[in-house]
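Alright, two takes on the same chain below, each alone as structure tokens: structure 1 and structure 2.
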Structure 1
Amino acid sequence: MSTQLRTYLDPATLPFPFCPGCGHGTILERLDQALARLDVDPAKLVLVSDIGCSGLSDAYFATHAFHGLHGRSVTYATGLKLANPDLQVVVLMGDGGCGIGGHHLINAARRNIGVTVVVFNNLNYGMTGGEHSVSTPPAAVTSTTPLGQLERPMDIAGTVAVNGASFVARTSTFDTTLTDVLVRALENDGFSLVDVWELCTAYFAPANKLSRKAMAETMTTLGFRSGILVDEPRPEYAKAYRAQHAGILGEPALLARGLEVRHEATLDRRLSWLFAGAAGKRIGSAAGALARGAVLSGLWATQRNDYPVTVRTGYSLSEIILSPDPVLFTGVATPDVVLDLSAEGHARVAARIAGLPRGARVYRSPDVPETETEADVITLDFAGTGWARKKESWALMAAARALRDTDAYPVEALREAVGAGGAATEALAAVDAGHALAEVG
């Protein structure tokens, strides 16, 4: 053993506040030794403590300290590391924290985020009065298992090991190599966890006659191996994230948008549209193109979509308002134009179609049910075109046809609006075909 060059403990705060014989002090001393051996820069070291007796620990160190909510310490450590990958982040948590925050442990291990978790595993909750924890062994007596624990304990080290942690060890405060194990954990660039079994001298040890020997026997009985279980370095997440994204630095596409008004609209009043169709039939994108074309023509447009939580089945509705003036309320009570394109959408809007006044227009595909209405009904002849089977283009075609009749803005603007997308060629053809679309009969 080399002599310690420095300490990270704050002498003004010592001694530790733990019960006589409690393992916490031993773990903290070994951690201090390990940090000193690695000569970690205290200005780059953050101790993140969880809740419980071990949660008091950070206050005894002259380093950066983060004391957060129960079980969530690993999430703060992850955030710290992601924001500043140069930090050495050490999490101090009990077996209680591993229970309530087990989900974060698993995911931190999967991610291989570069933090070191030291588990103060004394097999019960000390601070709150000796209740059982996820690591309490079978038959153990605690204040909440007075007749003995019936649950099987969680294998904390094994859990992170099978989920991708790159360094995992299970040991105890009686292990003379604890400092060496902690050094190796701190040296690992990725996610490390050291599960340190220890005595809670106030509760668990006296209630269960737990000694050094009994502790070793418990591990054996449970089939929990001790020592270094995993030491397989792999890319640390915060660094891997930066490396993965290094090639895309630049101006976000989101900030480089904008539609230049290049067409002139003739619309002199508000014109509202209701697209009614089926999911997967490009209802929203056709409606969006109609709205974008309006903006390209100097109009103000809004779009409101409605669909069930499922994605590829059911109805899809889209309400569009085109107006020469800014639009406030975006709801459409009585649309001027309805595109009634499939049975799914029709079922949702049949009542609204029935209530339409004279002057409103309904463009229907021949395969939706007919509805009694005072509105003008135009049945579109998709069958008479080459587009009979391309139902996902019908919404755009119907929009182009209705645009021709309403003369809201030039069809060239709609062509420009669809021209930007990847499926532009087909969409442009659909606009042209729709513009020329005939009526049935």
Structure 2
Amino acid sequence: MSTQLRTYLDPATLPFPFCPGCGHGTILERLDQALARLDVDPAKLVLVSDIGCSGLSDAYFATHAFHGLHGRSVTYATGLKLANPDLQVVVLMGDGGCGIGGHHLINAARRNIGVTVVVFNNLNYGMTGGEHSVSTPPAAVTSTTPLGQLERPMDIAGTVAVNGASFVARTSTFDTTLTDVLVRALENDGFSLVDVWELCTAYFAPANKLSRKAMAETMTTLGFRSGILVDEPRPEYAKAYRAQHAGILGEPALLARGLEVRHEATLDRRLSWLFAGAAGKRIGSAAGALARGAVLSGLWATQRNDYPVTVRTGYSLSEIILSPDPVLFTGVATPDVVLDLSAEGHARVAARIAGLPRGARVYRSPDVPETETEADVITLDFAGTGWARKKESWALMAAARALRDTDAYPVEALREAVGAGGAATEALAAVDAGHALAEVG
């Protein structure tokens, strides 16, 4: 910039709306002084805020601003810095936001993401009625702790300090060097946090007779050191990340692997499939192979999987849609083909099977409970194939058998879809065995 700014505040929005004696205005004035001293380009400055009295702050600055959910301001700031490492990103948040988004603070600190967090720490939720917060001192009286606070308060500055923040300070609105501290925080290339203690003159200070002297005594009693706690520069994350990936900048994150059409499908309508089996039995893999084979045959295909978070226990479902036309809605209300292969999967789809109309087909394992339905039910003879113990291959075998019956596309495409080489030998054999799979009885 050619000339140094006198202020970053927007005169048209002043004065501040805070209660008389509230420290918020003092913090904003000192921040304005620090920004002016550093001659920060307002076009490259973003103030990020969330909910609370401190969340009103960004509206009084003639800079960029981002206002979001309570406790999430650090995540927004992280995203801005990652998107553009040249930005000066400053978070304005209260102690309430630090409690709600504590894990965001910790992760930003350990990454050393280059944002500056200024904490308006008035020891309570000042906007919503004076409830206790994570920083409320022991024995303090608030609207939610009328008999005194029992919890140990969170050491906000200490928490980010031990988790990798490269600049940390704790001070108060009474500190005559507050502007200097904020300058040092803004100059730091990595993650900075300044925990500024202040008076909430509406609730906390009157209820607890808090004064400048009492505030300092509270810090001492808690063992919370004031001043500069950490000043240890180290690589800033956004810049380090870009440097690490400079060689592939602009390249796709995942390389597309196209499937060339080499087979001809006979399917002339939309055909939906439902695979129902047990987790760990390659249900999704078999369904995926069916979908790839369809694409190799010139069809459109979609896949939707459903399984519990345990992944290898419980049920595993997969819905597949094959169509000669683009699939604009991927939901499957009434499948045309159901592969019912285990008790776990059956329990999830029994009601859907019962409601199937005539013309639908159900391919079931002999050990799955029978369900009364108008659909055609085919019980597969896995035992007669020599694959009775290889339940991991049943889904692929059943898919090959159903593919034979529906004649949706050539089985050669399914064989190609499962791959080639030694790792695919058993899968190829399963396709061949499934294509010839007979019915029980």
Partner chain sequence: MRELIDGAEAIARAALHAGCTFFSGYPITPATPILLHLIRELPKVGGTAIQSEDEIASMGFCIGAAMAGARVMTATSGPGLSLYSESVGLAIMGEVPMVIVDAQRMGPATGGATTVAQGDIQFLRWGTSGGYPVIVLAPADVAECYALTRRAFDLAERFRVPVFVATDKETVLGKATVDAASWDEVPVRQRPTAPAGGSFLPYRADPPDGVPLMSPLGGVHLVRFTTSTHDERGRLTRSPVEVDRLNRRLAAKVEDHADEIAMVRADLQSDADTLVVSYGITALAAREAIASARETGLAVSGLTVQSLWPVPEGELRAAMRGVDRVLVPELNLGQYRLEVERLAPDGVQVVGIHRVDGELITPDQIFDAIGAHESPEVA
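For clarity, a rigid core is taken as the largest C-alpha set superposing within 1.5 Å between two forms. Numbering runs along the sequence of structure 1, starting at 1. Remember, it's a predicted structure, so these values are computed and weren't measured experimentally.
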{"query": "Correct structure when looking for the form predicted in complex with the partner chain", "finding": "1"}
{"query": "Rotational displacement of the minor rigid part between structures 1 and 2 [degrees]", "finding": "35"}
{"query": "Core superposition result - C-alpha of Gly258, shift between structures 1 and 2, Å", "finding": "4.6"}
{"query": "Angstrom displacement of the CA atom of Ile248 between structures 1 and 2, core fixed", "finding": "3.6"}
